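First, one chain by itself: the form predicted on its own, in structure tokens.
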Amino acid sequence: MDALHILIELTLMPLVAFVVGLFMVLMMRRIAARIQRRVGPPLLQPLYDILKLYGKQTQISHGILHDIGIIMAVGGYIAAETMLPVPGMNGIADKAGLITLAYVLMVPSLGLALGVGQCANPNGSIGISRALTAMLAYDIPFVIVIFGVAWQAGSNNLVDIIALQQVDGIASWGIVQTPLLAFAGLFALHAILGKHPFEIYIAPAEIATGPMVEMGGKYLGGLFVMQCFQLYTAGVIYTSLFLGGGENWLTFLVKSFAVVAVPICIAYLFPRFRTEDVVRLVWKWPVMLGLIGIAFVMN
């Protein structure tokens, strides 16, 4: 019975992540529209876009590695969802710690690099090179942040970390207990999402959307699905580390959407950095804040 229960959770958690991620994509587009004084898309537009792309017939194949790359990009996030506890469902979160989660979150970028590299398009190759450089930049502060949180909680298990934050309400949240780590984590989160000013690997005016330049039909649809998972994963990780997780689905969704809304609002107000500026900025401020935060935690 326990095995069946876990199997049901492992099936439901990615489905919930995809549905919530669709609404996060909608929120992102509507925030952009409001900032740019446009109306914005209708409620189900993100779903329509995915269905339309998967309904198109793809005429060109770049080989089996192209297909495997997209599967890795989406599959990496699907695996990550099973390690992110949500109200009523823990999946395998109590068996897989933050270190495992950090490794799994590298799979989508590596899969995308594998698939786009098969296309042999120079714009795609430049975009992937920039994406991997960005991953190298934001992974360092991200690892520092999760190390600090794990040290503070005495565990790298997200279930334990969330339970510890829910003992005394808001006063025990990570954002209150370790504000420097929380700020460094939010900085790293913005870079992970790859939105302005960190949108170096898409850069439509410079490299024609980079990795997406050779993507069409089901391949581009796969990237749209990946974006839904990406937004959800980022919001849930931060909520679990610093906002006490979710006591129920209402508070959980409010926190997750609020977390994702912060970098999105900032994204449409600033221009894009150059690649070297991204690395310099991310290795400077969030790393410095994270190390200072760890020093306070260890004392």
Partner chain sequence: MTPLDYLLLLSLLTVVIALVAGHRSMGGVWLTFTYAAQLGGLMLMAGLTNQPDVITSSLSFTILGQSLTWRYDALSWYFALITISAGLLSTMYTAGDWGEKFRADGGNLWLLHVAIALNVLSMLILLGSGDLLTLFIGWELVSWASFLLMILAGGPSIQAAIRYITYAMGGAMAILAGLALIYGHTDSFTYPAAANILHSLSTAHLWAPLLLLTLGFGVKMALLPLHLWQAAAYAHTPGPGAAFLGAISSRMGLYALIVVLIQLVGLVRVIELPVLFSFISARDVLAWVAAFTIIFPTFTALRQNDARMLLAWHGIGQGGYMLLGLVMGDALGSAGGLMHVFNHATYQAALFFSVAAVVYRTGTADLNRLGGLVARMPLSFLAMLVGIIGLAGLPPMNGFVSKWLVYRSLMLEGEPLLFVAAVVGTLGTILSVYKLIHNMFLGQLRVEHENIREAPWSMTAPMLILSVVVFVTGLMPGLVLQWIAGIQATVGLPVIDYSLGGLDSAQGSLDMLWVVGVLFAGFGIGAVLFYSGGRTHRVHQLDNYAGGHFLSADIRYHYSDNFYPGLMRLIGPLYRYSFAWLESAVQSGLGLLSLSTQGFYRRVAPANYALVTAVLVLLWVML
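Keep in mind the model is a prediction, meaning the values are calculated, not measured. Numbering follows the first chain given and starts at 1.
The discussion below concerns the form predicted together with its partner chain, not included here.
Participant: I'd like to know if Thr82 sits close to its partner chain in the model of the complex, meaning any non-hydrogen atom pair within 4.5 angstroms.
Facilitator: The answer is yes: Thr82 has a heavy atom within 4.5 Å of its partner chain.
Participant: Test of understanding: in the model of the complex, would Ile70 fall inside 4.5 Å of its partner chain by heavy atoms?
Facilitator: Output for Ile70 is yes: heavy atoms within 4.5 Å of its partner chain.
Participant: Going by a heavy atom distance of 4.5 Å, is His62 a contact of its partner chain in the model of the complex?
Facilitator: Yes, contact at 4.5 Å.
Participant: So in the model of the complex, is its partner chain close enough to Thr133 to count as touching (4.5 Å, heavy atoms)?
Facilitator: It does: once its partner chain is placed as it appears in the model of the complex, Thr133 has a heavy atom within 4.5 Å of it.
Participant: Counting only non-hydrogen atoms, which stretch in 191-199, 111-119, 163-171, 177-185 is within 4.5 Å of its partner chain in the model of the complex?
Facilitator: The contacting stretch is 111-119.
Participant: Looking in the model of the complex, is its partner chain within 4.5 angstroms of a heavy atom from every one of Ile78, Gly97 and Ile128?
Facilitator: Yes, because Ile78, Gly97 and Ile128 each have a heavy atom that approaches its partner chain to within 4.5 Å in the model of the complex.
Participant: For the stretch 133-150, which residues lie within 4.5 Å of its partner chain in the model of the complex by non-hydrogen atom distance?
Facilitator: Heavy-atom contacts within 4.5 Å come from Thr133, Met135, Leu136, Asp139, Ile140, Val143, Ile144, Ile146, Phe147, Ala150.
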